[in-house]
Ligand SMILES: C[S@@+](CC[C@H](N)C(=O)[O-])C[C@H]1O[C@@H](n2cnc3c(N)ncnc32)[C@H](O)[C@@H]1O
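Before any questions on binding or motion, here is one chain by itself as structure tokens, the form predicted on its own.
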């Protein structure tokens, strides 16, 4: 992920300059470094990051609150969660079948997903959020980086309709990063969230994609899968990560959920803040959906017996096992160490998110067992588009 890591590193001085512009006190003395925090700055940011982490991923008290209107929390978001959201978005946008030209980022905050879309090839992006302060920070970032970003205030809780908001425009790409889980809490939330996504789908140009990225927590992931099932039942096509149209098998058992993971090379600044705040980022994790524009027919998955790997490696005595999900449902895939051959050795190196084809299997327990005669082929590596067979 070197090129994406390089793209992110160039944002660090711009993020730091924008963060320092948010601080109300005037510092006297030598000018601080453009790519690192002073000790007292690090303490301040780490404390605010801890507060954000508690409120967004643990007790969830900040979910849906206007936390980006607080300069300290907005600043902490810029220096820690902005880079993480940027990496999440780049990891999902790499699965699109083509580069988008025009993009709309709903619930943009200070624009990590919007700028990820620009760096992924979009020519123009409109960032929309209810926080005027977050949008102002996004504009400062755009000015500092020389990026073509436009902004507009938008409150999904009080919207008069996205069609009117967009003024008849159509977009190749619409993104929602960490937005849906903070909307419409309580009874009927899934239906209201699905309605918002359907409304957004109506703004896509032919061939366009709606990308929804959510936290990789069990509850938020399962909530997204509930919305997915509502949309699939209404004929919406899922480009990724699913390989089939049916109901999500991860919802069968309450202990299951589905999320993606990408190896990550974070900037030193993010690493230092995370260490001070007690949050390590060895990988970027997220739940996501890539939905196709209305009217696009369902494409069949690649030929053969295919699965997307939806777990980390699950080693046990004498064998290696993963959970896979595909047209047959969610099941375990296992290979005994004694049966490893050149034909199936790729099984030992699979990553969460890889799409793999297997042959010569037999039912075993809650899944299938591969043999020495099995072939294992990676059809699409994690973060790459899956080749599809078009409908007849």
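Since this is a predicted model, take the numbers as computed values, not measurements. Residue numbers count along the first chain shown, from 1.
The form predicted in complex with this ligand is left out here; the points below concern that form.
Undergrad: Given a 4.5 Å cut-off on heavy atoms, tell me which of 304-312, 108-116, 268-276, 165-173 is the interface stretch with this ligand in the predicted bound form.
TA: Heavy atoms within 4.5 Å of this ligand in the predicted bound form occur in 108-116.
Undergrad: Give a yes/no on whether residue 80 approaches this ligand to within 4.5 Å in the predicted bound form, heavy atoms considered.
TA: The answer is no: residue 80 has no heavy atom within 4.5 Å of this ligand.
Undergrad: Taking heavy atoms only, is residue 236 within 4.5 angstroms of this ligand in the predicted bound form?
TA: No.
Undergrad: Against this ligand in the predicted bound form, would residue 204 count as a contact residue? Criterion: heavy atoms within 4.5 Å.
TA: Taking the distances in the predicted bound form, the answer for residue 204 is no, it never comes within 4.5 Å of this ligand.
Undergrad: Can you check whether residue 241 is within 4.5 Å of this ligand in the predicted bound form, heavy atom basis?
TA: Answer no; every heavy atom of residue 241 is more than 4.5 Å from this ligand in the predicted bound form.
Undergrad: For this chain shown on its own, do 85, 154 and 178 all sit within 4.5 Å of this ligand in the predicted bound form, going by heavy atoms?
TA: Each of the three qualifies.
Undergrad: Looking at 320, 251, 195, 183 here, can you tell me which has any non-hydrogen atom within 4.5 angstroms of this ligand in the predicted bound form?
TA: Contact residue from the list: 183.
Undergrad: Though this ligand is not shown, can you say which of 130, 259, 140, 262 has a heavy atom within 4.5 Å of it in the predicted bound form?
TA: Answer to the contact question: 130.
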